[in-house]
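What follows is one chain in structure tokens, specifically the form predicted on its own.
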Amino acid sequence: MRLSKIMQNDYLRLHQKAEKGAFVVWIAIVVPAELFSGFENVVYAVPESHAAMSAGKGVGPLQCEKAENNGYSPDLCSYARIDLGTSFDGGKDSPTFGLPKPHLLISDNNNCSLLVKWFDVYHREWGIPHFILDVPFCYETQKEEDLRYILSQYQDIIKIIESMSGQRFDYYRFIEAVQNSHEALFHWKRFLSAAAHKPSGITVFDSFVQMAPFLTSRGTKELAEHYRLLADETLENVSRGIFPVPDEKYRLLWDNIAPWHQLNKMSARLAELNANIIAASYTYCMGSVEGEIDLYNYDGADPLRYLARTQNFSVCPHGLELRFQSMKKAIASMGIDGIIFASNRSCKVYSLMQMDLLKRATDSLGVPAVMIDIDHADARKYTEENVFLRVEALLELIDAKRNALARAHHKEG
């Protein structure tokens, strides 16, 4: 209930402020929204988040079809097709009545290369300025020169909004927003820590759903308080012996974006198998830096530098070594039995390295793994029975490994 109220208020506030003349920015999910808190009357919208909500509410295929009927390829990311279908139909059929038209678009090329082209459609169709946040790819720990380059672009964003909106950037408002976000991420990591318990105190579907306000409420006290309460309640349930899958036999890890249209069905069917996907690279990366899963601490000294240092928090802009490093840490810290690599038809950049990661996980770590086919927001490209044939095969692999270890142990004894 608390989560639903937050999301409802976020979208209601967005529309109300836009109607009253606020400066509206559309951003990609990893653009640091705390920057906008430095302005008195600037609001932001996240088309990817809106697309995920649309998919979860069951209108993803409908909105995709609208975009396809306008000539956009079915091979495009379903987030983009949902957003384009919604925007060019005036917000019709949207669970949030669409998004208010922006004054400025800010995309990035480190999390999703398609976003630049996607936002460019609106730049061309509506004549709206488009700022592209250019972030270097990470093959190793972020270089100082890359950090300074990102910082310079943050300064450019601030100057552009000041010029376009006629508002002055308030550094103290911005500092407070960064502190709020860091506090929220601290409690987010506390919430995720419940997965380490056996049985796990959460399912991955809990974390998928609960990440939503991080995209729409970044920089707010409400977000920090929500995650504090969420962590407290979850850890209290663990202490009381309340678990989502009490007879948990298989502890799994998910690699890719959430299948938004399948959350309830997939969660229920896995529980029937006593299987629990307890963690995902999509959510354990939040608040971390490249190759890590623990919280990257903010010392309060330089909020802009902190944002630049964490600009690459998602796994998409990480090279193979960094992605495997963080996955290896998650497997060890949470006692993972097997991995589901979800090859995502919509997100090529996330799926690109998965065959190599699968081979490393099985060969180097001895962790059973399978590859399944999904689309994160277009239910038409998902076949439940095919997916669960692979999942059940993974559970058989885990059983076979356990039996082999038991026989070896018995032989040694």
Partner chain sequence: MHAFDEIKALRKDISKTIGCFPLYPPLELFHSMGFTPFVFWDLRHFINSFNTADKHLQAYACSVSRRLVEFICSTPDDIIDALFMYNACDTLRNLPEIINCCLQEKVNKPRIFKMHIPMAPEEQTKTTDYLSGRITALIRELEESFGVSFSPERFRQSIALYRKMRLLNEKLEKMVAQNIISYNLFSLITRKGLFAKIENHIEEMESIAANHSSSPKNKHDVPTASVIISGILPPPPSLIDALENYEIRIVGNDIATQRRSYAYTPGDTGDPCLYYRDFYHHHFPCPTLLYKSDQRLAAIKNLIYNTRARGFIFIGEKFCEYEYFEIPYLEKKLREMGVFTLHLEISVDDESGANYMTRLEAFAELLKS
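Positions refer to the first chain, counted from 1. Values in this document were obtained by computation on a predicted structure and should not be read as measured data.
Another form exists, predicted in complex with its partner chain; not displayed. Remarks below refer to it.
In summary, the region of this chain contacting its partner chain in the model of the complex, judged by heavy atoms within 4.5 Å and restricted to 115-123, 281-289, 295-303, 91-99, corresponds to 115-123.
Contact annotation: P244 falls outside 4.5 Å of its partner chain in the model of the complex, judged by heavy atom distances. Its partner chain is not shown here, but in the model of the complex it comes within 4.5 Å of a heavy atom of L76. Proximity of F186 to its partner chain in the model of the complex falls outside the 4.5 Å heavy atom cutoff. A residue is said to contact a partner when one of its heavy atoms sits within 4.5 Å of a partner heavy atom; A379 fails this definition for its partner chain in the model of the complex, lying far away.
The single contact residue among A332, A268, L229, L320, judged by any heavy atom lying within 4.5 Å of its partner chain in the model of the complex, is L320. Think of it this way: in the model of the complex, its partner chain has a heavy atom of just one of I132, M211, V238, L273 within 4.5 Å, and the residue is I132. Proximity of G71, E145 and V349 to its partner chain in the model of the complex is complete: all three residues have a non-hydrogen atom within 4.5 angstroms.
For the stretch 327-360, the set of residues having any non-hydrogen atom within 4.5 angstroms of its partner chain in the model of the complex comprises S343, N344, R345, K348, V349, S351, L352, M353, Q354, M355, D356, in sequence order.
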